[in-house]
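Next up is one chain by itself, shown in structure tokens, the form predicted alone.
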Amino acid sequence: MSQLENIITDVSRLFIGEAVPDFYYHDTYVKNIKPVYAVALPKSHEEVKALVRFAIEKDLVIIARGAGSGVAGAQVPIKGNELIIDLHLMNRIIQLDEETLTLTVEPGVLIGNIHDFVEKKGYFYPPDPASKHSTIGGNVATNAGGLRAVKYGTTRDYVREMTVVLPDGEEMTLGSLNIKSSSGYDLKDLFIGSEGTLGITTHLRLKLIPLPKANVTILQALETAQKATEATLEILKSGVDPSGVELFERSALHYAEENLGYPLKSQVGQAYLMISLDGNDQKELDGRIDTVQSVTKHLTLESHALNAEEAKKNWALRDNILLGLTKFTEFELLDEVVPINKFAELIEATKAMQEKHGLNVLNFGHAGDGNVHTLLMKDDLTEEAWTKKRAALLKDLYHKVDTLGGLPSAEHGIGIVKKEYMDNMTQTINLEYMRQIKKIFDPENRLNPDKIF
């Protein structure tokens, strides 16, 4: 028996060499993935530690993986002969502590399951990535944001404490149950968003808040994305405190309507906003609805306060934009972010790039926090033409993002796919200190090397 088989004794949780399932070698954005040494699926913190120590003994690179839903290649092996530690079976919700308002979970719990669990008990975990089948460990690795970031913030704001296994096999607890801390460096926030390059998360304590008693969705139709962005700024300035402001174009919505088989509530205009409001007083919420419609009246073609059934169906359309596209064409999904007042300028720039490079470009995103999801469409292009045109457009796009004061990734991470743009858009001194931090925690460059920078 090999040492790996001594660590993971259940044969259904260990795949060595040619036994590694084919899906570990497929990724939407990274091609020609080389064979790995093995894939191990631990179910405990102790198994993770043992696997890391095994990798040290055998001098193997480690790639930590969750649901595999990442879109930047952070969970993809690069050189071959890696040990993949797949954490999706560490999926227990361990404890709801109503005295500290925290939920203790393992990293493999799906974010949708966390929402369902706490909301049935009257609590709220606000981070809401569109991918409800992503794991909380993956959300922490990329500091995922999602639909409600404009009001509630990102994953970083809801991690109280985390336990990680370091690249040398030791463990560390980061953060604490204390709400405030001025006690040394904040190592917890350093690890959040590090894309599995500093440690492997095995336990998390998440901050919860009371579940809002009322919520409403407003759907607005507008002539252009420019007018939608102007409306977004009016909404944000009005004091209505939206929990989400989502923008999507008619051209992107088409694929979701085709996929789900029903239309959006509004069929006029070329751009749409979906605005979420929540609170504890329905009368006060009704006043905020009136304010939204009043401050945007000069910009909108239609504005609808949706009932519960309408809201469910229309949010499903928004969430199915990518799934719908998957059924019709190959595409590349970006998640660039700019200051909110530059949101429309970036979208307009992508339209000029579309004409310049002969590549179909669609946009949707979180207008309330400046996070644009630009989609580059392959359509009927040959692989050679797609590769050439995409590279040329991406160069122009990220240059534009940089000139607008933006960043290459808001919530998906850098991984391997955006490394070039991260390098170009980040000051040399910043990159150098990141590399030094990586070297302190991982001097042998064992954990997810060659990612981010």
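The numbering used is simple: start at 1 and walk along the sequence shown. No experiment lies behind these values; they were computed from the predicted model shown.
From this point on, the text means the form predicted in complex with another copy of the chain, which you will not see here.
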Subject >> Among the candidates Lys297, Lys327, Lys79, Lys237, the residue which, in the model of the complex, approaches another copy of the chain to within 4.5 Å (heavy atoms) >> reply: Lys237
**OP:** Select from the listed residues Leu301, Ile93, Ala352, Leu101 the one whose heavy atoms reach within 4.5 Å of another copy of the chain in the model of the complex.
**Re:** Leu101
Original post:
Can you pick the stretch from 249-257, 274-282, 107-115, 378-386 whose heavy atoms fall within 4.5 Å of another copy of the chain in the model of the complex?
Top reply: 274-282
Subject >> Gly368: touches another copy of the chain in the model of the complex, heavy atom cutoff 4.5 angstroms >> reply: yes
**OP:** Indicate whether Val417 is a 4.5 Å heavy atom neighbour of another copy of the chain in the model of the complex.
**Re:** no
Original post:
Are any of the heavy atoms in Glu411 no more than 4.5 Å from a heavy atom of another copy of the chain in the model of the complex?
Top reply: yes
Subject >> Gly73, heavy atom within 4.5 angstroms of another copy of the chain in the model of the complex >> reply: no
Original post:
Which residues within 392-409 place at least one heavy atom within 4.5 Å of another copy of the chain in the model of the complex?
Top reply: Gly405, Gly406, Leu407, Pro408, Ser409
